[in-house]
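A single chain comes next, written as structure tokens; it is the form predicted alone.
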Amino acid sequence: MSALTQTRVAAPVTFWKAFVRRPEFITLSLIVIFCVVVGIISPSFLSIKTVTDTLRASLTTGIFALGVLLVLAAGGIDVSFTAIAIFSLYATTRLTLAVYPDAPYLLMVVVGLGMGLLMGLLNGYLVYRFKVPSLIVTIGTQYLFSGFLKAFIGSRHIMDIPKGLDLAGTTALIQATTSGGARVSVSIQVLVLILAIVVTWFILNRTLMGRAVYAVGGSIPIAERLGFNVSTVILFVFGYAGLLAGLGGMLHGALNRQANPSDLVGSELNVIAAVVLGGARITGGTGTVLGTMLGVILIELLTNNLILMGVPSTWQKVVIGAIILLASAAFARRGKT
């Protein structure tokens, strides 16, 4: 065997050995195991409809998770993103209906992004300026944003949403009919998630800011000695998380074709769990886009399909919690080897 042939053979083997040692491999393995077990119990699970349903359920969670990933990688934590999302959606919807009912979806998204960015920057400013743990700050702003929304903007459930928002939610990128006669579709909103994935990956892997995020998450004193501006990094990650929260809110409104100020409440832990299951550490300095997306898929599969395994709804959180603990233990064990 020539040296060139040996190199070509060795490259995939080396990549595979490296991948097996990464947290993403554990998450992917859990997805495969879950699909096999549920597929044996309920053969109807292994269908194109399950794929499209999981993809649809993952759209909003995926957008949120990408923002949370940057915050966790920088050593912080954010639990206010759902409040930012629903604030952006509801306030933008009310504003559009009052001023420009025929506004295109893209314009509404820009407004929602602006609101999300401002609220995210407020989080970052408070965290750095007052040296308060980010968990405490974002718990406070979560109540602040939610309370302000319901007290001063509105608490009425809006079903008659603007045409642009409605059209974005009903437009399909792909439509098909299965052999069983079921109609399946992939929303055009999947392109929004793909764009967010590409941008986030580029930031973390191809920019100086990405290196700074991991450095600050690893050790602030070391990051400062390396010349990174910690305040800029903190403002950036929380601003970016707020930006994606605003985007996720608009996507959520389009997919559900409504604006409800009480939506998304309580889903924060699922998103954070997805990022942690993807290999990010709460202590910071780690996390990848691939792992985060795998974590999102795993959480959505567990949340939406445990019932097929005969697990009562009251026990579903117990199962999800146990899986998170087992995966975290496996990550920690691999980190020591």
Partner chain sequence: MRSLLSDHHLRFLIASLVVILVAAAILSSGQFLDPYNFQSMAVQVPEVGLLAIAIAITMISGNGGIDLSVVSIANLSAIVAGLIVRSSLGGAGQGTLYAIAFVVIALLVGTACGLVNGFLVSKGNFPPILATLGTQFVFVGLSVALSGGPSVSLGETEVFSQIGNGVILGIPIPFVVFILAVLGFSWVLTHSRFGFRLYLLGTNAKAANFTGINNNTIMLFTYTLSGVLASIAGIIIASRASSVKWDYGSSYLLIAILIAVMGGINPSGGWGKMLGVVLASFALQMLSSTLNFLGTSNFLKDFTWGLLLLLSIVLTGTRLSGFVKPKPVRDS
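Positions refer to the first chain, counted from 1. Predicted model, so just to flag it, every value in this text is computed and none were measured.
Same protein, other form: the form predicted together with the partner chain, not shown, and the subject of what follows.
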Do heavy atoms from each of Ala74, Val132 and Thr141 fall within 4.5 Å of the partner chain in the model of the complex?
yes
Among 286-294, 25-33, 272-280, 60-68, which stretch sits within 4.5 Å of the partner chain in the model of the complex, heavy atoms only?
272-280
Is it the case that Thr207, even though its partner is missing from this view, gets within 4.5 Å of the partner chain in the model of the complex, heavy atoms only?
no
Contact with the partner chain in the model of the complex for Arg94, defined as at least one heavy atom pair within 4.5 Å: yes or no?
no
Even though the partner isn't displayed, in the model of the complex is Asp160 close enough to the partner chain, meaning a heavy atom within 4.5 Å?
no
So in the model of the complex, is the partner chain close enough to Gly147 to count as touching (4.5 Å, heavy atoms)?
yes
Sole residue of Ala196, Leu264, Val127, Leu243 within 4.5 Å of the partner chain in the model of the complex, by heavy atom
Val127
Would you mind picking the one in Ala223, Met119, Val109, Ile234 that has a heavy atom within 4.5 Å of the partner chain in the model of the complex?
Ile234
